[in-house]
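The form predicted on its own is given below as one chain in structure tokens.
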Amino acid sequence: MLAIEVDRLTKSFVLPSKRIVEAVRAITLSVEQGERLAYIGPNGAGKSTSIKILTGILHPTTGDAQVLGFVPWRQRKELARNIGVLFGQRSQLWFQLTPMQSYKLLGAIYGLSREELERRIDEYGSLLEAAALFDIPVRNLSLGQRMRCELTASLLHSPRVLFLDEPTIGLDLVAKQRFRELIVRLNEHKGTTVFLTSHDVSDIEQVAKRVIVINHGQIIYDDKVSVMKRSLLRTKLMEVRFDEPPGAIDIDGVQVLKSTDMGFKLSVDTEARSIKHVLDELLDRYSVGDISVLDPPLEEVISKIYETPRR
């Protein structure tokens, strides 16, 4: 059974002006159990509407969807016992309580026995390196600490699918990196399916294996993150350190992006010249101390996809 299966899903809204807006337009997709998927797009693309349908908050206008075999808008209670949801800007913990006190309330809501609740709190506290935070009032936790406790709350009922909507928003760089590592660890240890939306490209690169890009309510790209980078990139970056000042760099297909006396950052048009030919020419013509070949930032790839004309 697929974790998520969507067939020609459409959601329309009627504005006060009586104009009809299609937030989601005949989307079809499937997600295997245990996948880590990034579902991305610019603001207003239809991401949030899609997630609200898949979690049973909204009814679609037309089309079908199943999450773990449940129709979300018809079997919301049954679905809620099998999915976890974490929104970066919404808390499910009570700020005046400690996380532990909130977990006991959530355990009662989910009908967990005391023994089972304690076992799961211990398990996720260890897995997410958060156990030391559980007895501190939520109001006294940093945002990064709170998000680890929020993630624990989302997992208490052992969901098979975890929906994450902008989970690292507002976190500092260290907290973001740690949170991403925890999501990957959760997926690898528990087989939890991860459905992630984020505007942070590092979330996509470090968490997701596959990416679906949505724009104007339609899916415009669906493939592995690694394939997306290989198939759409038309340039490579080179960082070159010279042993002697090279003067002007004049090589076909190569553009100087930044330079100091000894260090240059170059952009190579791989459709005009191969990396091998550029490397050979650099080594033949200049005294080179070190060379690194890099992909351009993933932002560049995604921006090209966003520019796909609306159908």
Partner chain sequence: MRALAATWCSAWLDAWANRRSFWTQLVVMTINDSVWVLFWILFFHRIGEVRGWDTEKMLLLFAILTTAAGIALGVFANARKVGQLAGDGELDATLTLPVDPLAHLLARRIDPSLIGDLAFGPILFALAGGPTPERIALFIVGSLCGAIVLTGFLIAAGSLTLFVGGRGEQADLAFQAALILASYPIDFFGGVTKILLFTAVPAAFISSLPAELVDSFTFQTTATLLGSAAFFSLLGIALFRLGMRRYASGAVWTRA
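Residue numbers count along the first chain shown, from 1. Because the structure is predicted, anything quoted here is derived from the model rather than measured.
Only in words, not in the display: the form predicted together with the partner chain, which the text now covers.
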Problem set entry | Site check 173, 178 and 258: each within 4.5 Å of the partner chain in the predicted bound form by heavy atom | no
Exercise. When the partner chain is placed as it is in the predicted bound form, which of 207-215, 97-105, 235-243, 119-127 ends up with heavy atoms within 4.5 Å of it?
Worked result: 97-105
Exercise. Do residue 21 and the partner chain share at least one heavy atom pair within 4.5 Å in the predicted bound form?
Worked result: yes
Exercise. Would residue 140 show up as a contact with the partner chain in the predicted bound form if we use heavy atoms at 4.5 Å?
Worked result: no
Exercise. Is there any non-hydrogen atom of residue 263 lying within 4.5 Å of the partner chain in the predicted bound form?
Worked result: no
For this session: Please run the contact check for residue 92 against the partner chain in the predicted bound form: heavy atoms, 4.5 angstroms, yes or no?
Result: yes
Problem set entry | Listed residue (76, 224, 185, 199) with a non-hydrogen atom within 4.5 angstroms of the partner chain in the predicted bound form | 76
Seminar exercise, completed: Checked 85, 133, 156, 219 for heavy atoms within 4.5 Å of the partner chain in the predicted bound form; positive is 85
Exercise. Which residues within 112-148 place at least one heavy atom within 4.5 Å of the partner chain in the predicted bound form?
Worked result: 112
